[in-house]
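Consider the single chain below, provided in structure tokens and representing the form predicted alone.
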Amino acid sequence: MKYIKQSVMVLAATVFLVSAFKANDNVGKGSPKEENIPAAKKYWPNGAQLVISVSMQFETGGQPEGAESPFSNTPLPKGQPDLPAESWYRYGGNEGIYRMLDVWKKYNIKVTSHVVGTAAEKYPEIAKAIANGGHEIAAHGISWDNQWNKNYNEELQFVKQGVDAVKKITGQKAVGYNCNWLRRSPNTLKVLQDLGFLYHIDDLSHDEPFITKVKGKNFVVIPYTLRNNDIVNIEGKHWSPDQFLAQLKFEFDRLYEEGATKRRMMSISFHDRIGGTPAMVHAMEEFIKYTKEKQGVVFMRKDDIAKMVMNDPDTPVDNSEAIFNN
């Protein structure tokens, strides 16, 4: 009898311990306690912590006479061809675009290419190669020219001609726009809205996409940066590629950290004749490898970003330019 009582006591203790372990084991596996703990907030609809968007400007052949170049500090007389400068631009079509396309393909990155209409007409095989690589064909005017000094009808025709020329070659109708040196006119967004565009990039005011109202309708702004722009830093400030890489890494580190508590986007800009040089493509590849060390980093085309945030209630609205857009 003594042994039976002891056995019963041992059995009861065992049942109690097993039950306790099972109760503890349920924590973290859908228990009521865990279900009351809110999940980490995601600030992008795709769950990313940081979205990176690359612009690859295709301008070769679209430049006017006397366009800025390494030689433009000593311009030649009007009408005299600047042959070295023209060859510098041709580099973008002969080498730069294709080298960048190779690295995007290697890492399965899709970029946005703002294409000048006359550049596509002179180099249709390049425009097709960009489109066939799965990259966005965005608009950059029919030629490399100002828009700020055009009236509404002139500007509408300028934009439409560029869109039509590139669509005829690539089959893609642009929904995103970039003005020459970002300098819009007071009518630009109304022109773009009327032509069916979704977004433009000629704005430096945020580190995330936002909505502005144009004639009462939503229009997406995918902000640009001068900080991560090759034409500004490499040609303008004469940075070396390793300085440019350091800038990208510093920018990435800060935006990635901020992305844990707010929506953040990183914008990078390359131009065919500058960003497509061997050293710059090498720097970009090193940056891509650097970003892969972090979770939740996504490279996206700008049209895909615009479609994602257009009707997202978390997308901020900024009507700072309402006086021009009504």
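Residues carry their position along the shown sequence, with the first being 1. Please read all numbers here as calculations on a predicted model, not as lab measurements.
The protein also exists as the form predicted together with another copy of the chain; that form is not presented, and the subsequent description refers to it.
- Site residues W88, S240 and A283 are all in contact with another copy of the chain in the predicted bound form, judged by any heavy atom within 4.5 Å.
- Contact between L182 and another copy of the chain in the predicted bound form is found at the 4.5 Å heavy atom cutoff.
- At least one heavy atom of D102 is located within 4.5 Å of another copy of the chain in the predicted bound form.
- When another copy of the chain is considered in the predicted bound form, K106 lines it closely, a heavy atom lying within 4.5 Å.
- Residue contact with another copy of the chain in the predicted bound form: L245 places a heavy atom within 4.5 Å of it.
- Put simply, of F71, W144, F158, Y152 only one has a heavy atom within 4.5 Å of another copy of the chain in the predicted bound form, and it is F71.
- Proximity to another copy of the chain in the predicted bound form, defined as a heavy atom within 4.5 Å, singles out one entry of E121, D164, D203, D194, which is D203.
- Note on the interface: of 292 to 300, 254 to 262, 44 to 52, 57 to 65, the segment with non-hydrogen atoms within 4.5 angstroms of another copy of the chain in the predicted bound form is 254 to 262.
- For the stretch 264 to 279, the set of residues having any non-hydrogen atom within 4.5 angstroms of another copy of the chain in the predicted bound form comprises R264, T277, P278, A279, in sequence order.
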